[in-house]
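Quick setup: one chain, the form predicted on its own, written in structure tokens, and binding and motion questions come after.
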């Protein structure tokens, strides 16, 4: 006889480092029903952006929505503002922006992979990946002056230029990191505890990934071709060697592979950026006040991030709305849990790489 048990998971759990709560309905350890509650934190950032801060101050405000995605938040907002006030950003500034976005992607993916190793009981690899991640953190600090909250992007361009010495430092650091990532890749490919036992676990089909609006690595691991970088006609991603990374299994193993391959791809793109940075100003003068509506999209480490703005010829915006990839991906996450063994929940959840800090604005 099957006995139904309801098990709460979160918002405080050793394997769930985010303020989200799942309610699992299980029968003999098999998950048959899932509910998600993401309403534990509300920080009022969107309200502050329309009541406390002027539009030129907001890039630094939205950068604090999430420490992992600071660049992508501030850049997406800035892109939306630049549409309203009609600012032409230099090619050099665009290249420097792409540089920081791809560095953001690398350190975020490495954090996810470290937690994946931790949930598999591989504490030594967790510490190794976090130590290797410091290479990227040092690069970001050299470029922006800050380790986490970079405040690098501004309306009209970027706040700091890059010197020849920093370029040499970045290339040297990436050459040091690349073989480390390849070694980690080998462990995720061949170690039973990390990935081999998770083949087929936490899987989603390409069709369901589309139906339930999966984004980022969660979608691309199922073979769903979705990446804002592939649609961008604003940033020259094709020139720097962008290639969409796809897997077909849609499971934990596939999501690990997507992130590892994207790290290596981002390293290559960064090297191409550094070899071909155009000449020009890093910032253009900004005039006027926002008047009208705009939207902007960018590919964050977890998928598409979306900003909507409305200005009414005032220094303070009338509306700021942010839609983050984790919020958009919750339906897909809920669907993936159904039919899985409850004992696999920590590993499945780590493979989603959720960021509720972004979601709770």
Partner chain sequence: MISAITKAFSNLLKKPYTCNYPVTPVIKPKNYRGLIKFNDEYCIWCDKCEKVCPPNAIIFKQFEDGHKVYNYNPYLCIYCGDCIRACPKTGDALWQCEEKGLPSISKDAPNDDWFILEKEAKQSRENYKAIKAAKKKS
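Residue numbers count along the first chain shown, from 1. Predicted model only: the values in this text are computed from it and were never measured.
Form predicted in complex with its partner chain: not shown, discussed below.
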Could you tell me if residue 82 has a non-hydrogen atom within 4.5 Å of its partner chain in the predicted complex? no
Since only the chain is shown here, I'm wondering whether residue 150 would be in contact with its partner chain in the predicted complex (any heavy atom pair within 4.5 Å). yes
Just to confirm, residue 223 within 4.5 Å of its partner chain in the predicted complex by heavy atoms? no
Contact with its partner chain in the predicted complex for residue 160, defined as at least one heavy atom pair within 4.5 Å: yes or no? yes
Of the residues 90, 249, 128, 265, which one places a heavy atom within 4.5 Å of its partner chain in the predicted complex? 128
Out of the stretches listed (255-263, 271-279, 74-82, 184-192), which one is close to its partner chain in the predicted complex, meaning heavy atoms within 4.5 Å? 184-192
Checked 142-158 against its partner chain in the predicted complex; residues with a heavy atom within 4.5 Å, sequence order, are 142, 144, 145, 146, 149, 150, 151
